[in-house]
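Only one chain is included here, represented as structure tokens and corresponding to the form predicted on its own.
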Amino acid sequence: MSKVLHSGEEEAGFAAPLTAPIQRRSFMMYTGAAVGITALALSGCDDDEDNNVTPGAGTVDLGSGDVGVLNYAYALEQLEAAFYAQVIATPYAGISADETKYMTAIAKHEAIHRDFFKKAIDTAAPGKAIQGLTPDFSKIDFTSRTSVLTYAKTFEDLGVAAYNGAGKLIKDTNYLLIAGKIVSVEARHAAYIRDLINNGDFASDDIVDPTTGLDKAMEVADVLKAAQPFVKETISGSNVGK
């Protein structure tokens, strides 16, 4: 697994190290000219706060305020980027040309999302980004299409619900705008994966309320509980958004 995550294949993008800085072109794709890097200033950031791993404890504290929300998103994007990097590195049996094409596109999207959040935190609050996390994909059989698509669905649905739930925690409207742009891409991924599993089942009742037409939202604690089995470090998000 470490070979996949730290292969040094910078030309591939999605196979770059988790902590590698994003290329300026990819970064600007998500910030947009109107937002720009100047929009990355975090108000009320505590310079004394340390969001790195607690020494000897193996616990990652996401932090508080907007930086905590950004670290929360960064942690989830690390997980998704690592998952799809592995899918591309070791394709499942019988993967079609179309599936390879779109899985590669998703892998690149997730790598851009991951690197965007790392760059945003490093720009606005140097030293406050969490470390590169260590994925635990031991439960996933990457040779099996069923296994890969099942977990892809899990990660995509979880990511969309996480963004939906975190919107209310974001104080800076610039970040809220960017999160809205990213969650829409994540929702497209989720729809594609669901369609691969069961053609036409792109948004069933378990994620979209049929009476309101609204997508599912999850609280930080519930998202981290669901994600924790796939990350070796213990993630603490008790102060995210506070």
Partner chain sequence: MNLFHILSELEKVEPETMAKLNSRRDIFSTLASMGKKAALAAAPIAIGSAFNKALAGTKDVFDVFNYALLLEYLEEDFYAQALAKAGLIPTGAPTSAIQLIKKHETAHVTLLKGALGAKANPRPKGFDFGPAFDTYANFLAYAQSLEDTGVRAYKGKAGEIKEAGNPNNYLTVALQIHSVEARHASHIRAMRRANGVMQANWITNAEANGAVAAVYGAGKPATTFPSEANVMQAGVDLTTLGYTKEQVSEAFDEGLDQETVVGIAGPFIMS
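Numbering follows the first chain given and starts at 1. Computed from a predicted structure; not experimentally measured.
Below: the form predicted together with the partner chain, not depicted.
Q: Would 101, 182 and 200 all count as contacting the partner chain in the model of the complex, using a 4.5 Å heavy atom cut-off?
A: All three within 4.5 Å in the model of the complex.
Q: Could you tell me which stretch in 165-173, 144-152, 83-91, 128-136 has residues with non-hydrogen atoms within 4.5 Å of the partner chain in the model of the complex?
A: Looking at the other structure, the answer is 165-173.
Q: Test of understanding: in the model of the complex, would residue 204 fall inside 4.5 Å of the partner chain by heavy atoms?
A: Residue 204: yes, in contact with the partner chain in the model of the complex.
Q: Does the partner chain come within 4.5 Å of any heavy atom of residue 112 in the model of the complex?
A: Output for residue 112 is yes: heavy atoms within 4.5 Å of the partner chain.
Q: Is there a heavy atom of residue 61 lying 4.5 Å or less from a heavy atom of the partner chain in the model of the complex?
A: Looking in the model of the complex, residue contacts with the partner chain do not include residue 61, since no heavy atom lies within 4.5 Å.
Q: Whether residue 95 contacts the partner chain in the model of the complex should be assessed with a 4.5 Å heavy atom distance threshold; does it?
A: Residue 95: no, not in contact with the partner chain in the model of the complex.
Q: Going by heavy atoms, what in 66-89 lies within 4.5 angstroms of the partner chain in the model of the complex?
A: Going through 66-89 in order - heavy atoms within 4.5 Å of the partner chain in the model of the complex - there are no hits.
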